[in-house]
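Given next, in structure tokens, is a single chain: the form predicted on its own.
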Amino acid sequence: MYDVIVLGGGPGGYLAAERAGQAGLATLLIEKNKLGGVCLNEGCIPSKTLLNSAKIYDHARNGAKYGVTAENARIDQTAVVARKNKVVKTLVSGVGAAMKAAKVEVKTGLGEIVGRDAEGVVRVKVGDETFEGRRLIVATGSEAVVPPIPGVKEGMAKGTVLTNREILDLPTIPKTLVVVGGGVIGLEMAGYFQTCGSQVTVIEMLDHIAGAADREMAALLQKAFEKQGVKFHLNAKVTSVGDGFVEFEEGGATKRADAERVLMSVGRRPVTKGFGLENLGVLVERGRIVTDAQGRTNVPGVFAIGDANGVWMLAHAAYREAEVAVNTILGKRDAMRYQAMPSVIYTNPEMGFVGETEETCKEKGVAYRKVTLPMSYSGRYLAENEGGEGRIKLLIDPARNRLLGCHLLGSYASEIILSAGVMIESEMRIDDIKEIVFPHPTVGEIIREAVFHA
């Protein structure tokens, strides 16, 4: 009998298990594949390893404008993938060590929910073994959406059509790559392969890239990508995938793009089927498990965190949801707040954003005023970016004089955006932010500059 059974060993699952174990709860973590889940093995970490290699390569090729010349710079895709695998292996081992330190029992295999008895005890089967727990945390993650486009299934069988999983292990750089979907994963991989020598074409059904990002900032990112050579087709629909090409409709015309490889990156969906969730009567709507602010489902003692609940499909959201769920199990008051959840697109340049966008403000009827500045207002940004066209945008509540949203395009955006998130989370007034001392010279000072311009 366990106090907590956690189903899924991704970011939310393994952290929930660790926190529960550290609190003295008898905890079982069940993972069907590898600890770390998609994020660690097939997403966040491996993609950033590749992107860092591309950044170094880009610096080597274009160092002359900084007074540094490197001859015959090249990228070795085999070596890049090998280093990626080494990094992933190290981190997966670290997760395993953390589970051992927290006295969490780990079981490898597909966990299948058998049911729940009258006393609320949940039974989960792994192979021939059955385990019982007083609480169940569902952290089954998400999977790539593969639309039923003619030719896609055949291309996947041949290895010419890829998802985020396969493209991270691609042994060679294709001459041409078509990315279907201009969201986070699609843009990051488009940036990597364009830098490494592919001719990349991005086909997106919407009239903008970067999903929920501020439209004005997304347009600036697209412009930066186009300067690097990436081709974009917006308001376009892929109709078929053939041998070496992709056909799509744009503006009422049928067009074709060369494609030695195709990346299907049209989104992800929560994994809610295939492990017996229906045996508990858990409410699922639009493919996601419905939860409250504590991660509780409609079934007492059953929680859902991370991508499985579909609220905010980001690893750092899953981390916090894991802590809230475990705190609730321990009887501590806690709740999820999503109004200051930061997001990052790790392209070159990086994009980071938190809080409201102009679009969400208009949808909600929220009054706002904005200020935008070139990132060159930061001395360090100017020193490190020859010809950089980064930008900051702040959205401010004119009545309460508080920060509503912050949007950054430029170097270190992924690190700086946390500062703005803290300001929004704590509801700091603009006058309070003016009193914060930023270290100089840093790119992060751009927030101070923008606040004083506001």
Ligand code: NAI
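Start at 1 with the first residue shown and count on from there. What you see is a predicted model; the values in this text were computed from it and never measured.
Missing here is the form predicted together with the ligand; even so, the following discussion is about that form.
Annotated contacts: G182, I203 and R268 all touch the ligand in the model of the complex [non-hydrogen atom within 4.5 angstroms]. With the partner omitted here, the stretch from 339-347, 89-97, 279-287, 191-199 that lies within 4.5 Å of the ligand by heavy atoms in the model of the complex is 339-347. A heavy atom within 4.5 Å of the ligand in the model of the complex is found for one listed residue only; from P174, G186, G355, G352, this is G186. Just one of A102, L373, V152, M313 comes within 4.5 Å of the ligand in the model of the complex, counting any heavy atom, and that one is M313. Although the partner is absent here, R402 lies well away from the ligand in the model of the complex, with no heavy atom inside 4.5 Å. In the model of the complex, the ligand stays beyond 4.5 Å of every heavy atom belonging to K55.
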